[in-house]
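Below sits a lone chain in structure tokens, taken as the form predicted alone.
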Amino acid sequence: MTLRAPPLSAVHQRADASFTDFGGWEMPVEFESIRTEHEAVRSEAGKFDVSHMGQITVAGPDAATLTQRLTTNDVTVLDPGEAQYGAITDEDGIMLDDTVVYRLPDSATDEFLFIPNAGHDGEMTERWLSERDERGLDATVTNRTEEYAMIAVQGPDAPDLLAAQTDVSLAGLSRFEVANGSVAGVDSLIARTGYTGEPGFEILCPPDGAETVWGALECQPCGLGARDTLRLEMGFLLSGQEFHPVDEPRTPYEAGIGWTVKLDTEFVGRDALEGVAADGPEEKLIGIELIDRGVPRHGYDVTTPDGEPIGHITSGTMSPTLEAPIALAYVPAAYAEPGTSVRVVVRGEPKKARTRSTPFLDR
């Protein structure tokens, strides 16, 4: 199957980036090195091409009703220019995706933009259309993934860096707010959101303006490798690793985002999740830090000190900031208390480790 290419693909090739297949997209994984890019974001600023993320708009009189029906959070509380994080679940409360939902600014009618993960835009468009038609709702659902480029600029210097290139007052843009404006003269949506734990913004612009915006943001280009280590230090979920409807079926409560579930609303999976909320999840996603030398990786077993298997690693790395091996793992709730002694089996060798809360960094 031919991989999809982001609008900035030629720019990244000229920069001699390394590429990887991610969700059916050929995306830059590294420009200089993961460590260099990671450290730039933690100390100064870095820019990411995240055009592989989906962009789907929902408009019309029943746009809010439809989007509420298919996401776990309460979209009815959003004013124009506000956003929220939530999950998309099936009837059993299993996560199909996580997403950010924006209620678009300056809209005369309810209009929403939601961001599914890479490669999920077609599936989620069909899910919204099917629910709309089944319930006879008046809403227009449009997959606009090919109509946008998406660029993230993240890091302590990101606000000043972007402020020099935009007509939007960034000081007046709070976290999880979005505004219309221009960046380097290109009409854009500018959101105070991100996936790194640092101050930052995500910019959506037309594909033909992407190179102008990218070039105007004079900071370290970063690939998906650094994006992964940055999000892991914050304990953020990655679709396909912390949850997957077949390979890693998890509820929001197991995945540690139960706060996004609003049981006083009606959505697909609500009844199942009400039971999980009442009883508590049997397993939980927790942080793990290794005491012994070794790097935890996806799929490695987690055991008791006596060697009894109790869980598995979903994501792991050597943290560039902490210079320590860290991981996320699912374990039974009884072992989820921070400070619990466990072992991680690294290449057949049990390594001493302990559970801990996330994020791993104080941000």
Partner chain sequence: MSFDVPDDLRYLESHEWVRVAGDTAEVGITAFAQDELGDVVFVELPEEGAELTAGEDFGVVESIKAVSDVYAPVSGTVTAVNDRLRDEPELLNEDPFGDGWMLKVAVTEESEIDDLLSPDAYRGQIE
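Bear in mind the structure is a predicted one, so any value in this text is a computation, not a measurement. Numbering follows the first chain given and starts at 1.
Form predicted together with the partner chain: not shown, discussed below.
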Find the only residue in 57, 33, 304, 43 having a heavy atom within 4.5 Å of the partner chain in the model of the complex. 33
Please determine whether residue 322 contacts the partner chain in the model of the complex, using a 4.5 Å cut-off between heavy atoms. no
The partner chain contact in the model of the complex: residue 297, any heavy atom under 4.5 Å: yes
Residue 175, heavy atom within 4.5 angstroms of the partner chain in the model of the complex: no
I'd like to know whether residue 347 contacts the partner chain in the model of the complex, with contact meaning heavy atoms within 4.5 angstroms. yes
Partner-proximal stretch of 311-319, 61-69, 330-338, 43-51 relative to the partner chain in the model of the complex, 4.5 angstroms, heavy atom: 311-319
Within 4.5 Å of the partner chain in the model of the complex, all of 16, 229 and 293 (non-hydrogen atom): yes
